[in-house]
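Shown next as structure tokens: one chain only, the form predicted on its own.
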Amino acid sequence: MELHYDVIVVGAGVAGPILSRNLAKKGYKVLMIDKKAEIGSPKRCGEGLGITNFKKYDIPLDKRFINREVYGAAIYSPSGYKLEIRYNRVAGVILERKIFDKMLAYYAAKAGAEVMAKTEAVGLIRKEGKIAGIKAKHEGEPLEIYADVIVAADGVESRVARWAGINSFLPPHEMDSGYEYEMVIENFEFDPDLIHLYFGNEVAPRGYVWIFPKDEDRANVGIGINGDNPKTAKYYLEKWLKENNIKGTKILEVNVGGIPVGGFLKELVKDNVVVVGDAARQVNPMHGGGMAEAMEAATIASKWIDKALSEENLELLKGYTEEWWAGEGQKLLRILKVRQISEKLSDDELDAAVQALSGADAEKIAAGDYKEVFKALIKNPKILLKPRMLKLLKEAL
């Protein structure tokens, strides 16, 4: 069977549906495919998303996919010092990703895009040396799908980018390993209006343990650690649960996955193939969140695809690479540098840092103003006693 479209999007996570919706609204013939039988399932996510993203990317605040509103975060140092960032307004939501992703695909379909679940890309079609489309299988039946532009939104293991000849190698050190339980929590107090993050080299090497509340006593409890660690993420999560007397006997769901925390693709476009979201490693390397980054990349990419198609000049697709790297890419590189510094800190230094930040401007910290973080740390006498720490901070500034 042979199909023809202006744009084919491979992957219906977050980036794929946003991009498909944007281009369908412009009147382009768009097809989005996803290998899963049910879009959104299984989830591979902590499910937290900042509230500003809904308005910014024109997504309805639909109660069907919002479990809970949260008002900030509590950060815990290895010795239990606490930094609380709390607002008097909703700061974010805990989603139900299985419904959220499906609804994003629905919004794309409602805008005019065609959507096909249980459809796996198995290769590229090349004609006269050029990429002309995608070879796919829909419920086992072979398909040839031709398109002017192909979008790789197929996640961190993106095959489409690799098939197109894009260097998508990711060093093991730039990948985190994630393990998460959705579970009922008993005999452990936590404020369900905040997300909770626990740091420490023995708690979660290079990462953190999180509690993202979905109910008063139900939450996503997960961990991210460096992917090249000799011990597994599950080992560290089970250890933390045991140390905090949290029983792992009411587990509703188990989620496992790799999280890119660096190695952003230099080449986001190759000929007529455009790479977005996790496939391009467009993930915040500090906290491992990728939904907002995927939305931003999809917004930029859809603008340049529209320009390239309307002007019948596919060379214009390269504008996406240039614009993303000039803005978002530079921001993520700065955050990556902060992460590389933070992973060198001892538990004593993490304790001192959390104590120092408790007196800083919490709103600026929450907004990602890392200079504010460094200024607060350098002023703290406990930090100044540690020359190595001071050197690292000055490097970052």
Partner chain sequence: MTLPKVKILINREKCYLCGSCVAVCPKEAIVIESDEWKFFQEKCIGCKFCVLACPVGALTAKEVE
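Positions refer to the first chain, counted from 1. Because the structure is predicted, anything quoted here is derived from the model rather than measured.
Just so it is clear, the following notes concern the form predicted in complex with the partner chain, a form of the same protein that is not shown.
Enquirer: May I ask you to choose, among Met116, Met175, Ala74, Ala292, the residue with a heavy atom within 4.5 Å of the partner chain in the predicted complex?
Expert: Residue within 4.5 Å of the partner: Met175.
Enquirer: Counting any non-hydrogen atom inside 4.5 Å, which residue from Asn284, Thr299, Asn272, Asn229 sits next to the partner chain in the predicted complex?
Expert: Partner contact (heavy atom, 4.5 Å) among the options: Asn229.
Enquirer: Kindly confirm or deny that Val156, Arg159 and Ala233 each have some heavy atom within 4.5 angstroms of the partner chain in the predicted complex.
Expert: Every residue of the spot touches the partner chain in the predicted complex.
Enquirer: Taking the partner chain as it sits in the predicted complex, is Val254 near enough to touch it, meaning that at least one heavy atom pair lies within 4.5 angstroms?
Expert: Output for Val254 is yes: heavy atoms within 4.5 Å of the partner chain.
Enquirer: Can you work out whether Tyr81 and the partner chain are in contact in the predicted complex, taking contact to mean some heavy atom pair no more than 4.5 Å apart?
Expert: Although the partner chain is absent here, Tyr81 would stay clear of it in the predicted complex, with no heavy atoms inside 4.5 Å.
Enquirer: According to a 4.5 angstroms non-hydrogen atom cut-off, is Gly112 in contact with the partner chain in the predicted complex?
Expert: Although the partner chain is absent here, Gly112 would stay clear of it in the predicted complex, with no heavy atoms inside 4.5 Å.
Enquirer: Look up in the predicted complex whether Val184 has a non-hydrogen atom within 4.5 angstroms of the partner chain, and give yes or no.
Expert: Although the partner chain is absent here, Val184 would stay clear of it in the predicted complex, with no heavy atoms inside 4.5 Å.
Enquirer: If contact means any heavy atom within 4.5 Å, which of 189 to 197, 142 to 150, 163 to 171, 205 to 213 contacts the partner chain in the predicted complex?
Expert: Comparing against the partner chain in the predicted complex, the contact stretch is 163 to 171.
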